[in-house]
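Take a look at this one chain, the form predicted on its own, written out in structure tokens.
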């Protein structure tokens, strides 16, 4: 299975231009034999939208979204949108399309409100973290900040995900001699979570600048043993590809049976106790 990480430079609020960028990248990926193509967070709209969020939002069945979905007849595609729900709530959502239709939608659960981030002002919070079946196996999706909460990949691993897709827009921070602090943090999170749960993780990061904030790229894939398969370039648009052998999940989980030995009954019991204690404070 060949996977592509579409490290693109979206134009803020310009859906028409971003749609063309998606189509160009999809064409290139198909020419290179990619079977699953992953775009970054909010790839169709751009990130720091502020009040533009309301103007560019669209439903999953909108024409713009369906133009990308229609391209998934020969190649599965994951991409990001500002989703407008039927009850007029906006979500930072990841779409998984396959066979020309939407197969799954993940609404970002954890909305950052620190530093440059103010997502909770514009977006509703997703209420589920669930894996789903694809023609390649069991897959889970998370959006950026979701990955920084250990409970999110834990839930997907317990839901039998073999591949975790992460759509992200991480700003460049903490420049040092060997790279970036944010790059180091992401590498640590991705490699540790992949090794803990014996699953592949494919994370696509965007590049470009919005309102003085630069996004660093460095899209990354990690195998179930925690070894990095590929790094995208820093600050450059690129189609980053790698081969994924799902049988490696079986070998990793046999070798280190952390998921087998996990006591989920204990976790549920103790979390319930903690929650009840906090409510009683």
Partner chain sequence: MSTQWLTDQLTAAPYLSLNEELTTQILTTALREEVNKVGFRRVILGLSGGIDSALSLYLAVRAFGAENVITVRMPYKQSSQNSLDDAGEAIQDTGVQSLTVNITPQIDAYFESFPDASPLRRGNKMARERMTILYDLSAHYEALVVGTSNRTELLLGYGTQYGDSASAINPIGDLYKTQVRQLSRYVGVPSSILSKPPSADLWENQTDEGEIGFSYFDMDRVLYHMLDLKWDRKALHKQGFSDTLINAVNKRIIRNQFKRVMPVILKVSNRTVGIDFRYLRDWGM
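Note that this is a predicted model, so its numbers are computed, not measured. Numbering follows the first chain given and starts at 1.
In what follows, reference is made to the form predicted together with the partner chain, a form of this protein that is not presented.
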{"property": "Joint contact, 3, 27 and 74 to the partner chain in the model of the complex, by non-hydrogen atom at 4.5 Å", "result": "no"}
{"property": "Contact assignment for the partner chain in the model of the complex, among 101, 85, 158, 209, heavy atom within 4.5 Å", "result": "209"}
{"property": "4.5 Å heavy atom contact, residue 235 and the partner chain in the model of the complex", "result": "yes"}
{"property": "Contact flag, residue 256 vs the partner chain in the model of the complex, heavy atom cut 4.5 Å", "result": "no"}
{"property": "Heavy atom of residue 52 within 4.5 Å of the partner chain in the model of the complex", "result": "yes"}
{"property": "Distance check, residue 150 to the partner chain in the model of the complex, heavy atom within 4.5 Å", "result": "no"}
{"property": "Contact segment among 128-136, 159-167, 105-113, 179-187, judged by heavy atoms lying within 4.5 Å of the partner chain in the model of the complex", "result": "179-187"}
{"property": "Residues within stretch 116-150 having a non-hydrogen atom within 4.5 Å of the partner chain in the model of the complex", "result": "118, 121, 122"}
